[in-house]
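Below you'll find only one chain, the form predicted alone, shown as structure tokens.
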């Protein structure tokens, strides 16, 4: 497994192995791995199939923009969750994930026949094909469309998890914990403004956390050292709050924003018990600044 990793990083704890299942097969990753990084480290590259033609698809990105590695989590009726991006899910002990939109499995998908007949089913073919004969709609066309629509399977039982919400007010909200986000939040907080910095990853730093080469320098010091120093410094600022594993979901008028914080999705199944899974933050900010997390 470790032979397939690009390089070692302090953000992956290679002293703690985590077992998980993907498509019924047992794998091991390390604490801090996402499902995507753990699968790649285990040599798993075929993750899913395209929606229409069922062409093979692999991992393309490392965040919320991932279009292919979309998985089903859990197979129990009350615990299953569809359409979870493998690039955003941190692995935990007991995790069970499955590929979607394929049958009987992702390697041999019967739906792949659509790729062979793709010239016969171009974009928009259904607008004319399913119009006649009219009597076929209810008993043939509609059931067929419903069977092929969607990717994952929705849960059929009530959600057993607990959720919470809170209202907060800040002078400045900075979205994205990359270099520009850290600097912006630091300047705002040191200007006596109550500041909130949010990032969807487990740690702030953006692409800087992946820079292992000594050629990456900021203020004549290695970028990782600079980042470590800045994180330690902003953690001591009283009027600056940093929220990780938190994604902005909506931006309404008058700087009213909604954010979702994952509290226990990265914990093992036994550690999740009786704990709040996610919190919805209802934020009112005097000033909103969206920074680029990749900087």
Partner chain sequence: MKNKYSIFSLIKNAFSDHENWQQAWGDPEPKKEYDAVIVGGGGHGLATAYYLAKKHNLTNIAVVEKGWIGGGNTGRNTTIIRSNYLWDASAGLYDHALKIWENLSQELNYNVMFSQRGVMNLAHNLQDVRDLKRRTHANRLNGIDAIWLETDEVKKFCPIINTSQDIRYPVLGGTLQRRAGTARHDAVAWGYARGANEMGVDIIQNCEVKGIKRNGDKVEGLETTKGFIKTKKIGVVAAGHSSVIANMAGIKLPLESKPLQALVSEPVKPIIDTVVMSNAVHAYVSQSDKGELVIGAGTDSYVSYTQRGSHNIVEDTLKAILELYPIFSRMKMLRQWGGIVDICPDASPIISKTNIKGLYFNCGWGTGGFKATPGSGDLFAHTIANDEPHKLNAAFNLNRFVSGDLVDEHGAAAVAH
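Not measured: the values here are computed from a predicted model. Numbering follows the first chain given and starts at 1.
One more form of this protein exists, namely the form predicted in complex with the partner chain; it is left out here, but the text below deals with it.
This chain lacks the partner; the member of 80, 87, 224, 114 within 4.5 angstroms of the partner chain in the predicted bound form by a non-hydrogen atom is 80. Proximity to the partner chain in the predicted bound form, defined as a heavy atom within 4.5 Å, holds among 270, 45, 252, 236 only for 252. At the 4.5 Å threshold, heavy atoms of residue 155 reach the partner chain in the predicted bound form.
Although the partner is absent here, residue 104 is not a contact residue: none of its heavy atoms lies within 4.5 angstroms of the partner chain in the predicted bound form. The partner chain in the predicted bound form is approached by residue 134, whose closest heavy atom lies within 4.5 angstroms of it. The closest heavy atom approach of residue 126 to the partner chain in the predicted bound form falls within 4.5 Å. Considering the partner chain in the predicted bound form, the lone stretch of 138 to 146, 106 to 114, 216 to 224, 184 to 192 in range is 138 to 146 [heavy atom distance within 4.5 Å].
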